[in-house]
Structure formats: structure tokens, C-alpha cells
Ligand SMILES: Cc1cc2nc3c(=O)[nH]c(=O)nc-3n(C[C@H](O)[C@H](O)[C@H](O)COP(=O)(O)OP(=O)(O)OC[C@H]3O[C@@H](n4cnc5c(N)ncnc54)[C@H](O)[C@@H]3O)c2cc1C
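This document opens with one chain alone, in C-alpha cells, the form predicted on its own.
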Amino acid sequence: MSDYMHSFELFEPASIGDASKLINKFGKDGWIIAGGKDSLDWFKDRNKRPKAVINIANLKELRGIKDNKDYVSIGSVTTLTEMEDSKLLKKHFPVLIDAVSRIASPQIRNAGTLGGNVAQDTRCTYYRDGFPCYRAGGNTCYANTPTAMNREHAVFDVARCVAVTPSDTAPALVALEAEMVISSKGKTRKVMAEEFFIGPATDITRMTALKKNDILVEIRIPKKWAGAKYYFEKVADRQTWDFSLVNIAMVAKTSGGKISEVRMACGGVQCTPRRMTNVEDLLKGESAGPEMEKLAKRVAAQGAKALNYNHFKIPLMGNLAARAVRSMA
């Protein structure tokens, strides 16, 4: 039955401490929700059936964008619209604003949160439709067969599962060297964005470093990249609503007409945002121009291995890398 949601208890904790207690109490039967844009899909399809849903959307300590001298902090339940309208983010990190503005539709951005966007599960059709694949505890990847529909899937670092992260903010946060602050049982730990997203070789049941009792409370972006040159582009079937086929985020600094520092990340090509270190190494110490565009295009997708319906992602990566370089010229 997929025409109605299962029943569950809904809890509205008054603090992070209360939320942690509820999570610890219910364990695997508990589910954290904020904007609910991913969670409610799971519930409606009845593929996830938690007994307790813990809503943290109204915790003021998890909301807001603040200037903390050396870094800017964004609460995990801050909505995407709040980020899009933030003068602080527009001033320091417009690449993140570009990424946020391309997520879904205005209606979804009004409710969707940054924490939900980075923590959402993969949108692989086979997995979401309840097929017993590796990620769901089975012994097959239904997206990696000769007849599978896999145009949205990975071309790098395949380890049983070929699903990709659907987050549009993820490549921007990786490029900006963001830090994720995670709370668990009253203690906090910090994880770099590049390590926050994990592949199937690490744990095929998760896409992030978040474990069952964890709450993502804050994202911190160092001002190291404030005011840097930047580029973001998302390629999707439609301009609104759709998830990325491929996207790219770049931040760079120049000195004396040459690129002194650069970070580039690509989404939609592997389970995690892919750092394009080969392009970064190529660009450092060089001047942006037609020759560097050609070289970036040539090396961007080195090592990629296409599935039967996503060959287009390989030249697309090259073209996006070239356009990012062109933006600095």
C-alpha cells in the first residue's frame, strides 16, 4: 500500500538535549525530521516506517546565519530561502548562494533546510522503489546491469552501489572547506565536508558520516575563501525541480594574474562530491586562458567509467571544468 503514510508518534523537543534523549530512547525506530522534503517521500512510499518522528525544525539554536570573525556559521535547520536571502552569504560566499538558488523550486526552498539538503538519501530509482539492492541490504545493484536505466548514476569510484548524492550544496561546501558540527549524546565533533560525505566502500548503508544517534547542528565556512572568484553551474533536465545530472563548484584566488589557490568539486558523478584535484593541480600557478580551458577539459574526467546510459557525463564534466576556468579569465 502506498496511498497513505504509516502511523507514528510525533515529538517536538524543546532543545538539542531533549532531541538527543528521544533519539537515544527510540534508537533505530526513531527518525529526525526538519523540512521533511526527503523524509516524507520515504514515509508516503512506506519504505521507511519509524515509530517515532522527532521534529527539530523549531529549535532556535539550530537556525540562523552568524558572523563569527574567522568563519560564518549556518544552523542546520536554516531554510534554503533564508540562505538565499542572506546578505552575509552574498557578501562572502556567493558560490553557495548560486548553488542554493538552483535547488528544486521556491516552494521547496521555503521549507527545505541546509541540513536536510546535505543529509538526504540518494535518489536512485531502484533503491527508492524498494528493490533489495546492496544499499537496502540485498546482494545486487539493479542500476548496474546491462538493461538498467542509469543515466543519473556514477562514473567514478563504484563499489557495488552506483548511486550518487543528490545534494546541490555539497560540491560548494566541499570547495569552500566547510566544517560540519555534529552532536551525539551531549558531545560534539567536527567533520570536514569532504569527509562528511562517504562512499559505499566505507558504509553502503549511509551517504554521510551521520550515525543513528547523530544530529547535524551547524555548518561552518571559513573566511579563507571569502570574496574569492567563484563558479557554480548545474546541468539538469529541467531548470527547476530536477536534481543535477552533473554540477560543479569552484573557488579560486589569483595573484599577479596567476591562479594561486583553487578548489573544484563536481556532483552527480560519484557517490560523494568529487574533488577535481587533477584540474586544481593543473591550474595552480598558471594564468586562466584558452589553453588552460583545453587542458582542464581534457583531464577533468580522467579515470571515469561510464555505465550504459550515462556516457554523456564524461564530456559534460570536461565542458563544465573548462567553463569554470573561463570564468576567471
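Numbers for residues come from their place in the sequence shown, where the first is 1. Nothing here was measured: the structure is a model prediction, and the numbers come from that model.
Omitted from view is the form predicted in complex with the named molecule, to which the following refers.
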query: For the spot marked by 152, 155 and 273, is every residue within 4.5 Å of the named molecule in the predicted bound form through some heavy atom?
result: no
message: Does any part of residue 229 reach within 4.5 Å of the named molecule in the predicted bound form? Heavy atoms only, please.
response: no
query: Any chance residue 214 has a heavy atom within 4.5 Å of the named molecule in the predicted bound form?
result: yes
message: Quick check on residue 269: any heavy atom within 4.5 Å of the named molecule in the predicted bound form?
response: no
query: With the partner left out of view, is residue 291 within 4.5 angstroms of the named molecule in the predicted bound form by any non-hydrogen atom?
result: no
query: the named molecule isn't shown here, but in the predicted bound form which of 242, 233, 194, 84 has a heavy atom within 4.5 Å of it?
result: 242
- line: the named molecule in the predicted bound form has a heavy atom of only one listed residue within 4.5 Å, and of 210, 89, 198, 259 that residue is 210
statement: Only one of 259 to 267, 294 to 302, 280 to 288, 33 to 41 has residues with a heavy atom within 4.5 Å of the named molecule in the predicted bound form, and that stretch is 33 to 41
Sequence-ordered list of residues in 96 to 110 near the named molecule in the predicted bound form, where near means a heavy atom within 4.5 Å: 102, 103, 104, 108
